[in-house]
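Before any questions on how it binds or moves, here is one chain, the form predicted on its own, in structure tokens.
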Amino acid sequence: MKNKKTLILGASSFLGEYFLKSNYLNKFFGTYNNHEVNSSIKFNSLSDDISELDLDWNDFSHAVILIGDTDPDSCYENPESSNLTNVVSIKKIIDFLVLKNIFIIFTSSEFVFDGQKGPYKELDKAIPILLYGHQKLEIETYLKSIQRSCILRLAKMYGNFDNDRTLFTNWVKDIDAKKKIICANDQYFSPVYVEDVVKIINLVIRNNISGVFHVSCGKKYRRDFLLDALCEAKRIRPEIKFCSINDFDLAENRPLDVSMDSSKITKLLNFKFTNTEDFIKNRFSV
């Protein structure tokens, strides 16, 4: 077991690439579809059979499932294809991994909740209002009867690299370009640093932790509050227009409060998540 690897299914995703960058002991191997990344093999979950991959499955003890259409608007606008990607193909992958006795880690979403009463705990009933949330919840339900599995509901992730297209770097790009920023002032969430997510998954792998867990900074933030903190750190005040999150051109209305309580996993693993406000100060202060 000690020398076995973890398969990252969807290694070309934002989170997947962070895993392969941390591959310091050759612990991870990935699959990609369109965008090739190092230490990976091509796999299209819609057209390829996972059992036919040129891999020695005895080399693997764990698999992290990152494959999927993660854009809620795309899922809603393409319900049949997104269902094939996010539900049908994932169930086939799960069935195969169970046969191979591989421990499964599935990344779910804050969008399994309806946004009525955050911060949510793991025992709160999941009632999604987005099709994407329904698809994630269907896989959660499918996995709950599988003992060797872990479901991690991820909050909105942010990164540390310029142009990584995450929350703060997107805002900085607009600020530097002197663009007007349109920001919702009625949506609450608990954003999480991507490197914290990698660390959590590594701890889950190391300890074979099963169950459902929320992976978030653990604090409830309103979106415009974080923009204000960023502007203060950069000592600049761009032109900002505030609005409702649902004033944007979205295919479905977004839940207004998807903040999540992460105390269950922090206590279990004795883990401290990155403080979002401290991250902003340390990364963007001038």
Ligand SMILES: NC(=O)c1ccc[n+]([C@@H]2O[C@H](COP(=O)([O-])OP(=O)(O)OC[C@H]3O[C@@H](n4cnc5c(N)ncnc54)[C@H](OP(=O)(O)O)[C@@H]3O)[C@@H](O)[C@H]2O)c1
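The numbering used is simple: start at 1 and walk along the sequence shown. Computed from a prediction, not measured in an experiment: that's the story for all the values here.
Beyond the structure shown, there is the form predicted in complex with the named molecule, which is absent from this document and is the topic of what follows.
- Three-residue candidate spot Ser82, His134 and Gln187; no residue lies within 4.5 angstroms of the named molecule in the predicted bound form by any non-hydrogen atom.
- Taking the partner from the other structure, the named molecule in the predicted bound form has a heavy atom within 4.5 Å of a heavy atom of Ile67.
- Residue contact check for Ser216: none of its heavy atoms lie within 4.5 Å of the named molecule in the predicted bound form.
- Using a 4.5 angstroms threshold between heavy atoms, Asn253 stays clear of the named molecule in the predicted bound form.
- Among residues of the shown chain, Ser61 is not one whose heavy atoms approach the named molecule to within 4.5 Å in the predicted bound form.
- From the list 117-125, 148-156, 204-212, 170-178, the contact stretch for the named molecule in the predicted bound form under a 4.5 Å heavy atom rule is 148-156.
- Proximity to the named molecule in the predicted bound form, defined as a heavy atom within 4.5 Å, holds among Ser51, Asn33, Asn246, Ser39 only for Asn33.
- Of the residues in 209-244, none comes within 4.5 Å of the named molecule in the predicted bound form through any heavy atom.
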